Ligand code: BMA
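First comes one chain, alone, set out as structure tokens in the form predicted on its own.
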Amino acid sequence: MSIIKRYKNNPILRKDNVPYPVATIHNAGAVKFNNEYILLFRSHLLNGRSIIGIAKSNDGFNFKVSAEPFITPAEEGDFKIYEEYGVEDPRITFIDGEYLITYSAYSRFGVRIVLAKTIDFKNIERVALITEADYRNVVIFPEKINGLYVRLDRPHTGIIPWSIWISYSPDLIHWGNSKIIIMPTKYHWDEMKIGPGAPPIKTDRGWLNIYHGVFSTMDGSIYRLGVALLDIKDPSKVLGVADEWILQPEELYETTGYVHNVVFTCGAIPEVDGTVKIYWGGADSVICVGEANIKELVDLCLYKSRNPL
């Protein structure tokens, strides 16, 4: 039985809910804004390239998609060059009175991360390209630590399986002091590659990081979700990585679609009652939501843990 309780009316969004032509709707960053739930989601256009749309809800379950996309590839400057193949998989962090959005920008030069910001989810400002190629899955912590901004990311490499790193910045633009903190484990559910999912959630026992892990089978790859716990004062210190996954593809809308056997999260919203709403893309085709108890996720990291490296 999954530690995440799926919403009974999943999927909560399908491509037919989008009022402009798209082939998919999935991988949504999530946040609360003015007592409203906001999803920034990825959609494939009918040419196969991706844009980012926006949907809003009063209860976190029933969403309405806005009439126009929220982010489309830039039409000028360096952003145009590096976004020519599409924009994907946004994450959202509220810090310093602004909502920071990180998303993947694809081009002939590889994939880089763009940092953008908004204060109203109507207007968006691109700030900078904050990685070289090839990076994905950048999530920014919701507060500074020791005076610095902190992020988790996943650079691509051919030397080791793709892993989770941590980096620091004084200004959100210049990043460094990077360390690898979590690697895949051989013949484990996440042995092929891992990457940060939702921005870290602060708990009384550490920063809770929901991540995705991939396992290769004779029938293709399976994307699952797991959790890790990082030290509050020094998040490069891993307190525990849950040995077991917390969600795997089981429902038809997760096992069959644009990419089979995928659950992939970019956003989670903690609630005052100690639960967290986790949003995930099912089979790269639909958006789903489920709820979990934060304490149970933390306990899984601390008491059923594996070696992070």
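Remember, it's a predicted structure, so these values are computed and weren't measured experimentally. In case it trips you up, residue 1 is the first one in the sequence shown, and so on.
What comes next is about the form predicted in complex with the named molecule, which is not displayed.
K.L.:
Picking from 32-40, 262-270, 246-254, 56-64, which part of the chain touches the named molecule in the model of the complex when contact means heavy atoms within 4.5 Å?
P.N.:
Going by heavy atoms within 4.5 Å, the stretch is 262-270.
K.L.:
Just to confirm, with a 4.5 Å cut-off on non-hydrogen atoms, which of Tyr103, Phe141, Tyr82, Tyr223 contacts the named molecule in the model of the complex?
P.N.:
Checked against the cut-off, the match is Tyr223.
K.L.:
Which listed residue (Arg205, Arg112, Arg126, Lys193) meets the criterion of a heavy atom within 4.5 Å of the named molecule in the model of the complex?
P.N.:
Flagged contact: Lys193.
K.L.:
At the 4.5 Å heavy atom threshold, is Lys117 in contact with the named molecule in the model of the complex?
P.N.:
Taking the distances in the model of the complex, the answer for Lys117 is no, it never comes within 4.5 Å of the named molecule.
K.L.:
Taking the named molecule as it sits in the model of the complex, which residues of 131-149 have a non-hydrogen atom within 4.5 Å of it? Please list them.
P.N.:
Stretch hits: a single one, Arg136.
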